[in-house]
Ligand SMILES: Cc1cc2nc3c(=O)[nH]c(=O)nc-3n(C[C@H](O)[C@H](O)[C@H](O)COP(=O)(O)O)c2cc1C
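So this first bit is one chain, no partners, the form predicted on its own, shown in structure tokens.
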Amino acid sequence: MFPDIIKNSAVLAPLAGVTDPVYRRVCRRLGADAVVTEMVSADGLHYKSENTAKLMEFDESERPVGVQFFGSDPERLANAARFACERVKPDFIDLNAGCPVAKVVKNGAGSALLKDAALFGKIVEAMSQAVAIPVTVKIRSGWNMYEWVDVEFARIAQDSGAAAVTLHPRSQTMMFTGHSFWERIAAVKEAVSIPVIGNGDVTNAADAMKMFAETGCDAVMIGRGSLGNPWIFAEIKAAQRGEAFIPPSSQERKTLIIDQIRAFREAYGEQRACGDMKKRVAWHLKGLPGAGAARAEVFASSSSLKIEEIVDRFFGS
């Protein structure tokens, strides 16, 4: 079943603080073929954190959906995978071996796993054997630029039971700077027989089609490229069908933004809606005529209702 989920697909990447159920539902509705939760800490689940467990929750309309875990202990990660299957029944489990941020790598998780091939293999094997659903792996190309280990680690993942591998072809030290090295995706695709998902610098349908053509990847994964533009998934679908993409109208943009604000407020309450939706609305307004003043007003708002009013006025004008 798993290859059918991702073949020629556009998948929403996991983004901490962004890919909550509200945003995932938006992207699924606009054409994302699969979505992945925010990173979930295996250590947090080990210590019975209910806030951590809630990050795994999703609505049935989001399927196919994966739960992504990070950590460095094989047993805890295997237990986390089992717990997810029992509690929320996702379609697949994903291991994060690519996150470059300091608070993750300092504990040996995320892209720090790329420093220890043996441990990485043990983790993938433990997780794959723990559950009956597919386990996938997301990696970066290496810790240091040009010291690539992606082919080695993709092969280890395959040999350890992974059903697919996602590659973000930057090093940990690059963080999100510079352009990713798409040729690394092609190298990994050539090296393994499991599906390979390419990730990095896909900001429109042309980028996605170019990544498919240049790398031979089975699917593309889009994270930052969807911020403020979840229509990127609809655009990619149109390109794959050979059809012209009609960008959203001002009214469609306004409706989607306001619907997100209201859904977020209903799900998480006013305080979090006012705080979190500011950056999301700002992403949607970025680059539009007159957006500077509106974005400043959004960030100065003291309520989510005020943000709705600003959005309504902005697109009305």
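Position 1 is the first residue in the sequence shown; the rest follow in order. Here the structure is a predicted model, which is why all the values come from computation and not from measurement.
Only in words, not in the display: the form predicted together with this ligand, which the text now covers.
In the model of the complex, no residue of the candidate spot (10, 28 and 238) has a heavy atom lying within 4.5 Å of this ligand.
Put simply, of 115, 89, 224, 82 only one has a heavy atom within 4.5 Å of this ligand in the model of the complex, and it is 224. Note on contacts: among 33, 38, 62, 43, the single residue with a heavy atom within 4.5 Å of this ligand in the model of the complex is 38.
Residue 136 falls outside the set of residues with a heavy atom inside 4.5 Å of this ligand in the model of the complex. Of the heavy atoms in residue 16, some are within 4.5 Å of this ligand in the model of the complex. When contacts are judged by a 4.5 Å heavy atom cut-off, residue 168 counts as touching this ligand in the model of the complex. Looking at residue 200, you'd find a heavy atom of it within 4.5 angstroms of this ligand in the model of the complex. Exactly one of the stretches 147-155, 120-128, 168-176, 243-251 approaches this ligand in the model of the complex with heavy atoms within 4.5 Å, and it is 168-176. Interface residues of 72-106, taken as those with a heavy atom within 4.5 Å of this ligand in the model of the complex (partner not displayed), are limited to 96.
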